[in-house]
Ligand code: RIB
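Just the one chain here, laid out as structure tokens, in the form predicted on its own.
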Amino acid sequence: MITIFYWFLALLCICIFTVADSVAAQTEEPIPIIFDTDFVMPPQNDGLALMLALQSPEIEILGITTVAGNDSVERATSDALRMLEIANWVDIPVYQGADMPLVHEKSDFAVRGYGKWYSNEPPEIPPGGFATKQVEDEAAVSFIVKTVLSRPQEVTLIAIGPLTNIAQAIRAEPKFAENVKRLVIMGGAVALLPDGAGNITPNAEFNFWVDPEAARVTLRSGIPIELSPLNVSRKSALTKDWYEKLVAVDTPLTQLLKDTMGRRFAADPDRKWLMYDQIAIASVIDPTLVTTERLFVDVNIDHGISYGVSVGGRAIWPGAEGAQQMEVQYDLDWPRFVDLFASRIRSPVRGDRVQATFGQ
């Protein structure tokens, strides 16, 4: 009898603590973020990352700031505005940012390679047509600086494109860096860690290569940084099976995926999509999804074969005397991550400000 009593007592304690943890999780304040992006609609990673952020109650998006990268800044802005309409979050403001890197200029290699960051062409029509929602009059850098200074040590910046806007904010206001709570960056590739090759040149990652000078300014700023480089992205692989799970329910977001990502899998059922920006967002929602190592990281800005290459080390090396330490993601709990991603995307859209639906 005594054994049974203690068994029930232990079970009761477990239930109490489980309920308490659940209540605490529900009442915890969301993390205020600024979402800085070279946005393009899905199946681009920025589009999927914004879906995840919008569908996650742990995050409060104070504003979206756009930058040239995957395409022109005009397309980034146009697509972001339309995505917010599709997701029923039209009250989130969008601010247009830098249309070119700080120094890097258009080249024949850039034109032959991936991305149209140098483009001045009109943006493509996004799915369902151009948004009726308008971009804000205030410039992105002004919004970023003003928001951070008005909420010192509260705002997390999530930068999933070239770091031009962030570097300009650092240069514009001397007190900016010290007032940022945290900066999570999707960028770079660290050869010291596994899977550290580049994806635009042999050793350079695309976001850092587009604006190496901005990356160096940002990484050396003293802001607490967590870097989500190609190393951790290469631990992911979204397959057709997972895509079919995503679109097995009917929501405005899954309809968008059917119309954009679906034809890619129809053409190549065996393809696997690496997840880049989505991991950066997920690591803010649940930091236990990634494994990190604290390293000094710097960026090469010499205009040669290593332009835009990020280098990480466990101690300072010659030429990197200004490098700062930061957390660098290098491993991922893929099963838990993809479960989180799929469950959030499949859920009913969280935006409740308007009743827009895909195609309107």
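A quick note: this is a predicted structure, and the numbers were derived from the prediction, not measured. Numbers follow the displayed sequence, beginning with 1.
Omitted from view is the form predicted together with the named molecule, to which the following refers.
- When you look in the model of the complex, the only residue of L219, L227, I281, I160 with a non-hydrogen atom within 4.5 Å of the named molecule is I160.
- Out of the listed residues V94, V148, A76, M186, M186 is the one that sits within 4.5 Å of the named molecule in the model of the complex by at least one heavy atom.
- In the model of the complex, T164 stays away from the named molecule, with no heavy atom inside 4.5 Å.
- Residue contact with the named molecule in the model of the complex: F143 places no heavy atom within 4.5 Å of it.
- Mapping the unseen interface onto this chain, Y276 counts among the residues with a heavy atom inside 4.5 Å of the named molecule in the model of the complex.
- A residue is said to contact a partner when one of its heavy atoms sits within 4.5 Å of a partner heavy atom; Y243 fails this definition for the named molecule in the model of the complex, lying far away.
- Here the chain stands alone, but in the model of the complex its contact with the named molecule, taken as any heavy atom within 4.5 Å, falls in 198-206 among 125-133, 101-109, 198-206, 170-178.
- Heavy atoms closer than or equal to 4.5 Å to the named molecule in the model of the complex belong, across 58-77, to one residue only: N70.
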